[in-house]
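Single chain ahead, written as structure tokens, the form predicted on its own.
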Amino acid sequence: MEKVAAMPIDPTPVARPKNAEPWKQISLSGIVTIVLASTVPLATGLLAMVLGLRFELALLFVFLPVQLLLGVLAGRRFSGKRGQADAILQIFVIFFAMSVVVLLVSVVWSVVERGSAALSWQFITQNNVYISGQTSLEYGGLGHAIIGTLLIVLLSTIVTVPLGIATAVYLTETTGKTRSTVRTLIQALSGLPSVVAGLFIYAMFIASGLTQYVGWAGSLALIPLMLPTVTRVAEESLLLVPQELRNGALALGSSAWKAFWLVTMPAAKSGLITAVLLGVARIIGETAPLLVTTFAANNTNLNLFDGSIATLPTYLYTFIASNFDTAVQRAWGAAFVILILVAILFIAARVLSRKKTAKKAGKK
């Protein structure tokens, strides 16, 4: 067989392409173009506001058009026709992203600023008996509503989490013929209006005379609202577990059930915790289902199966519709407490999951 002679290797280094450092190709005129495209729209919008135009109108009808025009010119200056479309896309993405961030920050800041004024020890611990919309903030509070919210959400979570995770396991770990039907039903539940869930429970149990306004009816109304979130997030978490882990456990002689419990579930733990958190966050502020199932009680009730029970959303709804400033202040305080509860849930879950991960790493 004829041998092929090896080609000699040229040790000479390959010259770098001319466009290897594109940032060095920007001339002084290019820098000026970028600066003008960034500052002129802002200056124009501020000038329109100084001349008396409202902020919203100046933002939408002065700043944004000028920014689009100068952005398109700058994009054409550097990248030709393709740069125009890129500039328009970037401007819209940044504009709407910043709009969402500003709206979110403004809402959170408004809740913190106005709600903190009502926050005090007696406001958190006392109930609402003998309290009206004109009563000073020094008397009464939402302690009974905090307890009621925790009890109702706890009962809904106890029922929903096992059901949601079991549904996610069925959708990811089995080959049943009804998987598509179950997934369709879960997706349909995700679009269910909250008031419809509350009215369904009201018509079935309260209007029919089977029970009165009671806490467990509110928990029952929150279950179909929490179930889709828990199921879908848990399903995605289980799907993200590498298939190699399952195959390795099966190759070592483990059964499919043991492989799931000992390999897949621990690997998806953080995702399952996130599923529970998102499910709780989905229902903790729901108002409509609770208004028609639990009513708004003023006293402290620890029994979900006897009598009406107060919750933070119903407490907020009761006082926000009042014409008195003190009552509205109580509503802002309730909104602030809801925000604090959600933050505590997220922080606690993250801290617990990190501690467990650190302990396992230390043992290894």
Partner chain sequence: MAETQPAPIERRSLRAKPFSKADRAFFKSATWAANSSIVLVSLIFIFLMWRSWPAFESQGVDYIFGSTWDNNPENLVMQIGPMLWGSILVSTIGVVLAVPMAISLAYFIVFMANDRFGKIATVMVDLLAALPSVVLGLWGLLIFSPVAAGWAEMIYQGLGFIPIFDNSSGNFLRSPFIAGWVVAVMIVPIIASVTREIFSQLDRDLISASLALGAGRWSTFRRVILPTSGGGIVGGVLLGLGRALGETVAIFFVLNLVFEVNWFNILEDQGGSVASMILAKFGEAGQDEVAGLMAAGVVLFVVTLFVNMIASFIVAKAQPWRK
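Residue numbers count along the first chain shown, from 1. In this text, all values refer to a predicted model and were calculated from it rather than measured experimentally. Just so we're on the same page, rigid core means the largest C-alpha set that superposes within 1.5 Å between forms.
Below, we refer to the form predicted in complex with the partner chain, which is not included among the displayed structures.
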query	finding
Partner contact for L70 in the predicted bound form: the partner chain, 4.5 angstroms, heavy atom	no
Close approach of Y202 to the partner chain in the predicted bound form, 4.5 Å, heavy atom	yes
Exercise: V214 in contact with the partner chain in the predicted bound form, heavy atom 4.5 Å	no
Partner contact for Y130 in the predicted bound form: the partner chain, 4.5 angstroms, heavy atom	no
Heavy atom within 4.5 Å of the partner chain in the predicted bound form - residue from V101, I158, L240, L150	V101
Sole residue of I124, L154, L192, A117 within 4.5 Å of the partner chain in the predicted bound form, by heavy atom	L192
Location of the partner chain contact in the predicted bound form, chosen stretch of 299-307, 326-334, 39-47, 62-70 [non-hydrogen atom, 4.5 Å]	326-334
Heavy atom contacts to the partner chain in the predicted bound form at 4.5 Å, residues of 106-125 in sequence order	S106, V107, S110, V111, R114
C-alpha of A97 off by 2 Å or more between the shown form and the other one on rigid core	yes
Core-superposed C-alpha of S254 shifting 2 Å or more between the shown form and the other one	yes
Rigid core fit then L302 CA moved by 2 Å or more between the shown form and the other one	no
